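Have a look below at one chain only, the form predicted alone, in structure tokens format.
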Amino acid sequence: MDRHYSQVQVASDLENGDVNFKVGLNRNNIKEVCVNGKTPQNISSSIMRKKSDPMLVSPNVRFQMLGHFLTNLQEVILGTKLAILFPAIPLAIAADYYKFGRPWIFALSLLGLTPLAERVSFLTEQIAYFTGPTVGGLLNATCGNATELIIAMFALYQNKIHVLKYSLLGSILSNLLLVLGTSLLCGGLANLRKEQRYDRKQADVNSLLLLLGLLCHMLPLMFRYAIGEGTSTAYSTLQLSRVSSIVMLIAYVAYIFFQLKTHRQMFDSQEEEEDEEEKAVIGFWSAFTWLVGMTIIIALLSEYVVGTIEAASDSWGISVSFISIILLPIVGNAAEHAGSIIFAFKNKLDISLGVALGSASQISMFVVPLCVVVAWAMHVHMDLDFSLLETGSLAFTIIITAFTLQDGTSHYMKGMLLFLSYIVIAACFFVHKIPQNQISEGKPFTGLFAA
């Protein structure tokens, strides 16, 4: 009876955190506790920490928090070769505060956005360790497009529809040709002796989604050319664009449900056993907090970029179309670019394709129609008519990408062709505005290759 009472008392004192009693336990008492199932492992560890741990840990809490912060700071800020560009962020803020030249503000903001976009990729990768590859890939594409979405919203707010259209179009072109092309090129060169294969099912779904988006972009353009210019045509084109945008948003929501629920196994990336030891270097909430903070800074710099893009164009002698279609997406897609190339080097083409195609599909089927709907609510006339040259470039880009990914295998030549296609389109938008401006002013053309 006494023995039973002592065992119950031991368990009770352990549960209540009686430190003095635990110190007095001998081996026999501990053995009795273990026999009756009252081991410390079976007792709630949280209760034991609340009672006893603060007595031992509380003097070091501040040092632990400081060490944790410094570790995160080293991983997030100093963990990239682009860290040398971080000083451009305070310099851009100072340039705006002290009213420096607007081209300087634009250049510094563009430089500051580059490491931020790349670090967003790192943070979403860390979060992906906790959410799984499918949700992680979707999160990577979403957060990777945060720069483009924020720039688009500021352009819409300032009623710069041409900048908005150019930047979104450039983001699609950049993801499909530059990001995917360099990924396949680098991955093919790094894995010359390995067979590079990927799941065609995922690529086919994204290709079909992009083709639907292309149809919705082409219909307003073809409608305008079929009916002719006029006030009624512009109104009809605007209404058609709004209806098409709603259809695109419905299709994208269905795609998300298809990806995360009904056919999730189709989008699960293939994991290799030797890579299972890879772990997150920072915690989930730390990564989330850094992600929110960097998104706020991206929003500030994006406002600077949109507000000074025309001044930079006039000062540098480069058209707004080239800056918006080529330069801005290169900066905004730094996240996708870095992540996609890293996975391609590791011969994980499913993840690379998921990032590049997923980001392009999200811009085409979600961001673009969302901007049309938001503009509709703001009583701003924005349609899906991206003009002939821009829409034609988009059409050939999607067709070339679909043909490239049709057989489920990859090599560096495919990446080379996609990359060269992007160079040709970039050259086109670099020169196409200059002759028109000079002709309208009655000046002879003295282009790049003129004698």
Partner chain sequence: MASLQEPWLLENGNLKGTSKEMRHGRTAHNMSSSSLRKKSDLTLVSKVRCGMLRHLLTNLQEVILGTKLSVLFPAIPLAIAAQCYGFGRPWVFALSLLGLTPLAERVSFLTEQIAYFTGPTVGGLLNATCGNATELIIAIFALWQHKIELVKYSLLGSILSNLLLVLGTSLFCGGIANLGQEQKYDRRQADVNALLLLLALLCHMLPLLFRISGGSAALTAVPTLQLSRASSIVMLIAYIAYIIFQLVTHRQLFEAQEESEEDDADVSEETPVMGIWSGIVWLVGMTAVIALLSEYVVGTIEDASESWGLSVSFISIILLPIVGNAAEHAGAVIFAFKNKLDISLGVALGSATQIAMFVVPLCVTVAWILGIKMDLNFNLIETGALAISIITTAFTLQTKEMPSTWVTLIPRPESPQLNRIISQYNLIEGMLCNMNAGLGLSWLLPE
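Positions refer to the first chain, counted from 1. Just so you know, these numbers come straight off a predicted model, no measurement behind them.
One more form of this protein should be noted, the form predicted together with its partner chain, which is absent from this view; the next part is about it.
Contact residue in the model of the complex, from Met378, Ile84, Ile296, Leu192 (heavy atom within 4.5 Å of its partner chain): Of Met378, Ile84, Ile296, Leu192, the residue with a heavy atom within 4.5 Å of its partner chain in the model of the complex is Leu192.
Of 255-263, 298-306, 192-200, 365-373, which is the one stretch near its partner chain in the model of the complex, taking non-hydrogen atoms within 4.5 angstroms as near? The contacting stretch here is 192-200.
Taking heavy atoms only, is Leu70 within 4.5 angstroms of its partner chain in the model of the complex? No, no contact at 4.5 Å.
Proximity of Ile425 to its partner chain in the model of the complex, heavy atoms at 4.5 Å: Heavy-atom contact with its partner chain at 4.5 Å: present for Ile425.
Using the arrangement in the model of the complex, list in sequence order the residues of 361-400 with any heavy atom within 4.5 angstroms of its partner chain. Those in contact are Leu388, Leu389, Gly392, Ser393, Phe396, Ile400.
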